[in-house]
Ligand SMILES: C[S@@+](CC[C@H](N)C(=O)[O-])C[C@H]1O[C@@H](n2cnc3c(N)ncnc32)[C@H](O)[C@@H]1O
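One chain comes next, on its own, written out as structure tokens in the form predicted on its own.
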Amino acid sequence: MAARDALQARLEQGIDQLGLRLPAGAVSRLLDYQGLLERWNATYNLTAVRDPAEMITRHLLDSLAILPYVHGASLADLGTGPGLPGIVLAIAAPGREILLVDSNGKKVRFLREAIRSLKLEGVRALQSRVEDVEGQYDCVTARAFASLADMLGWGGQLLAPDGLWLAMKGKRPDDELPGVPPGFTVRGTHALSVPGLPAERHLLVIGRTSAGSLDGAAPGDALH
């Protein structure tokens, strides 16, 4: 338990530094998810991050940093890998329908086990290429799995007319901005400070050019 206590302290400190208030039991469930990922990772190589404390920082807190920008009743997490940020967001802000998409069979098997063991309601995992996914979602998340041009080219049809696309990046991707396809516009670029992580993190908020209702929305306006 001492190891889990140390991880919990790191996680709670990071959540506090991010200025977030999570539902009762969320911290424990996030640690359960981290433990499950750590166990599966030993066999299935789901993530290059092996150290449990680094998983707290690089996976959990990195995912939680975008929570204030999450919008709407439905979310698709594209190229989710082992559930980042999708599973973290499902635990931290339950109540929306979440689709986790990845083309890797090992990762999708892990996702389904995580959904089952963590009892994540309204969350499902789909093994698919992004371009083959159907439906539209109020929020689409993607954690640096491709360029902006490729992300939107493959999955732009999944964004609802008034939806928000949250593209998680490391360094500010100024060189990718000219590649944003017609019909989409960058609503904002936000430098994120992830507790314990010295590397740069940026979030690009993208919407459809025809939807003006959310232009200029502040992070706090997009919580629900």
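For clarity, every value in this text was computed on a predicted model and none was experimentally measured. Residue positions are given as counts along the sequence shown, with the first one as 1.
Form predicted together with this ligand: not shown, discussed below.
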Partner-proximal stretch of 115-123, 137-145, 91-99, 68-76 relative to this ligand in the model of the complex, 4.5 angstroms, heavy atom: 137-145
Report whether the minimum heavy atom distance between L152 and this ligand in the model of the complex is within 4.5 Å. no
For the heavy atom contacts within 4.5 Å of this ligand in the model of the complex, list the residues of 122-148 involved, in sequence order. S128, R129, V130, E131, R143, A144, F145
